[in-house]
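Encoded as structure tokens, the following chain is the form predicted on its own, with no partner shown.
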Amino acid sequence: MPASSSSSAAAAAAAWTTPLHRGGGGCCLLRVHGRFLHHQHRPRRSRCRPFVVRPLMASLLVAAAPAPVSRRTAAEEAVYEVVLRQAALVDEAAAAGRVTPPAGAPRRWANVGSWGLLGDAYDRCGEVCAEYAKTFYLGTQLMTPDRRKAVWAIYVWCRRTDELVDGPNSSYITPKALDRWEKRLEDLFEGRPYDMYDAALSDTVSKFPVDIQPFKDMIEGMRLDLWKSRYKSFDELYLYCYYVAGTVGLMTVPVMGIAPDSKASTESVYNAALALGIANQLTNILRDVGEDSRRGRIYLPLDELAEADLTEDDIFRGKVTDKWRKFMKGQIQRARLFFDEAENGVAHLDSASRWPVLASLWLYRQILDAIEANDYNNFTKRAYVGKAKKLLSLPVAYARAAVAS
């Protein structure tokens, strides 16, 4: 996957709601991608293949011509089924009054032993989060203890999973190794953790209405990285982004919590969480084009490259041209649309969860600004957000989160 992509797990380790539709169905891909196509092709609409809009996204398209309703693509349908499954699980827990764990809630496993050992397990998870996701870790200090520890446990599992294919031992990882990791996941969901980190996550999923499918889907993303290095279209790339980053939003929505006075549907909560995960991973991809190409990988839609009169050889040569700048402007625009989709829902989060979400979103989105500041040279220059900008963003995000409603 794109270099340093585990950072997207930190940035995405939060979930968002969106107020767009109270009970609306549909996937954020069509909402955002439709807006992207509308703006990209408006001057020469007659040359474009018409894009299809479902009712959910119609209100987001400015002056768009009427379009027939279409079924979702295979990628959208696969993701949407997971969204519905997790949303139903959360709704069921809410109806039963089990959205957050009660004090002294029983645990379904006994392999770890005393609470002291479990407390140590959570502390270790917090240390990992503090080392590799400093900004987000700081934001978790505002959460309730149960939520804070649960987010740490999820973050650590995501990081360990990512390290399987991107870490120092990645050259030894095989599909069978990932199969064993998935079996280990199933065991911890059944209350049979293998180590302290597993124990923390096992405890978390026993107390919050977290579904196993997003975790399995992240492992599927790791499988893709073992053999797939090209993506023919954005639809293919979207599914990959969901696997490796959008899944984190689905994992953490039940933990982050929704504001008690929110009018957003549970389904819309997950659509917004997906949007931020997709935005983070698209940002990783755009930042790491040069580094990925040196590993023989291209995480850009090949059909869109061809439409821009660019080839794989252009990527490997790494020369910034006017065609490349124009292409990158469009890719950055689409990533920003996903960020916008996610930001719309921050106010619907539980008040204690808004700041880390908003701060992570703002900081990650500024990487896109840095790519532009580098004159779209993401071949030899690495875009990053300086420490001063990070420090300035934190209090602003805190103030914005405090007044969100």
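Keep in mind that this is a model prediction, so the values were computed, not measured. Numbers follow the displayed sequence, beginning with 1.
Absent from the display: the form predicted in complex with a small molecule. The rest refers to it.
Trainee: Would all three of F136, A273 and N284 be in contact with the small molecule in the model of the complex, where contact means some heavy atom lies within 4.5 Å?
Mentor: Each of the three qualifies.
Trainee: Taking heavy atoms only, is S360 within 4.5 angstroms of the small molecule in the model of the complex?
Mentor: Flag for S360 set to yes.
Trainee: With heavy atoms only and a cut-off of 4.5 Å, decide whether D166 touches the small molecule in the model of the complex.
Mentor: Close contact exists here: in the model of the complex, D166 approaches the small molecule to within 4.5 Å, heavy atoms only.
Trainee: Could you confirm whether Y242 comes within 4.5 Å of the small molecule in the model of the complex, counting heavy atoms only?
Mentor: Answer no; every heavy atom of Y242 is more than 4.5 Å from the small molecule in the model of the complex.
Trainee: Please run the contact check for I154 against the small molecule in the model of the complex: heavy atoms, 4.5 angstroms, yes or no?
Mentor: Answer yes; at least one heavy atom of I154 falls within 4.5 Å of the small molecule in the model of the complex.
Trainee: Scan R334, R148, R159, R297 and let me know which has any heavy atom within 4.5 Å of the small molecule in the model of the complex.
Mentor: Partner contact (heavy atom, 4.5 Å) among the options: R159.
Trainee: Which of V90, M328, M218, V205 has a heavy atom within 4.5 Å of the small molecule in the model of the complex?
Mentor: Of V90, M328, M218, V205, the residue with a heavy atom within 4.5 Å of the small molecule in the model of the complex is M218.
Trainee: Among 303-311, 245-253, 183-191, 319-327, which stretch sits within 4.5 Å of the small molecule in the model of the complex, heavy atoms only?
Mentor: Of the options, only 245-253 has residues within 4.5 Å of the partner.
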